[in-house]
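The chain below stands alone and is given in structure tokens; this is the form predicted on its own.
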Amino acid sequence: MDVLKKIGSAVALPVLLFAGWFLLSDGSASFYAPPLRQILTAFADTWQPERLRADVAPSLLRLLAGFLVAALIGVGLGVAVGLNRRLRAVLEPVLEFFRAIPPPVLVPVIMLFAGIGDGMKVIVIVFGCVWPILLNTVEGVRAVDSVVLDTARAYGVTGPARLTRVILPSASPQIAAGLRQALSIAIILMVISEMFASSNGLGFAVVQFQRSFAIPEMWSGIILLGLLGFALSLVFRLAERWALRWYEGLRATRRRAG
């Protein structure tokens, strides 16, 4: 029931915003801001199963591939940097330099080396998503309680078992926060990468509608992007709640004890 209530509260505000948009735009005569009623009609006509397979499915696959690769790199490198003080001192300036570079700026450079295929788009997503995951993982690993580490050592928990049973579980709330941030960045970069030399995808479709002055269809693509982002965020929250249920239980116990 709690999950249903949270889903209902998350859906309520978007529904109210759409209702307000529908009412306020109903009498609009602007070519560039048509009524929501017209946009919804274009949405139903445009996003048929064929179009979803041609544009939405490739976008989601690129997003998923880039997000997973970024998660593997970010968590793996973050654990290594967080555990090794010397490695952290060596890599920190380099990581800060690359983190400061906006990923869209590198799209032309990546195109030179990776071409204009799916590889380029996945690399752009990986480059943008890896930083919040990496930095949150480093901070999560560094924040592991020294008492917990000493206790694990006293009980003979060392090597891979220490990593999988002590360090990663203790750092997992911070890692999940980085993954949540990275998911939002992945959606943005998915669209941006598809606006450069692409032949399919949601970003490509929105740009094509804009260039052909199909304004209601363009708005329908933007709405679809928003709905996909909302759905992915909701799925991630449910997965995060399930994976960190032990952490939520621990917090609830501490609140009751306090």
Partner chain sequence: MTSARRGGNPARPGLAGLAGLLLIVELLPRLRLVNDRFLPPTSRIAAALADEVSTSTFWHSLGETLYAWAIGLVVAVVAGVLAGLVIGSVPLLRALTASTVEFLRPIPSVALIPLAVLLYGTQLGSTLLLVCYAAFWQVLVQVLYGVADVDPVAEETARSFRFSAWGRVRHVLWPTALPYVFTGFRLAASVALVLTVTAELVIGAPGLGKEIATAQNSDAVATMYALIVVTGALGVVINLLTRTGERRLLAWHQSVRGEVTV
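Small disclaimer: the values here were computed from a predicted structure and weren't measured. The term rigid core refers to the maximal set of C-alpha atoms that superpose within 1.5 Å between the two forms. Residue numbers count along the first chain shown, from 1.
What follows is about the form predicted together with the partner chain, which we do not show.
Using a 4.5 angstroms limit between non-hydrogen atoms, Gly249 is distant from the partner chain in the model of the complex.
By the criterion of a heavy atom within 4.5 Å, Glu92 is counted among the residues contacting the partner chain in the model of the complex. Contact check for Glu139: a heavy atom falls within 4.5 Å of the partner chain in the model of the complex. Heavy atoms of Phe43 never reach within 4.5 Å of the partner chain in the model of the complex, leaving it off the interface. Contact annotation for the candidate site: Val109, Ile192 and Phe213 all lie close to the partner chain in the model of the complex (heavy atom within 4.5 Å). Residue-level contacts in the model of the complex: of Ile101, Leu149, Leu163, Ala80, one residue has a heavy atom within 4.5 Å of the partner chain, and it is Ile101. Comment: 180-188 is the region of 180-188, 153-161, 121-129, 68-76 lying near the partner chain in the model of the complex, near meaning a non-hydrogen atom within 4.5 Å. Taking the partner chain as positioned in the model of the complex, the residues of 210-240 that bring a heavy atom within 4.5 Å of it are, in sequence order, Gln210, Phe213, Ile215, Met218, Trp219, Ile222, Leu225, Gly226, Leu227, Gly229, Phe230, Ser233, Arg237.
Relative to the superposed rigid core, Val235 undergoes a CA displacement smaller than 2 Å between this form and the one not shown.
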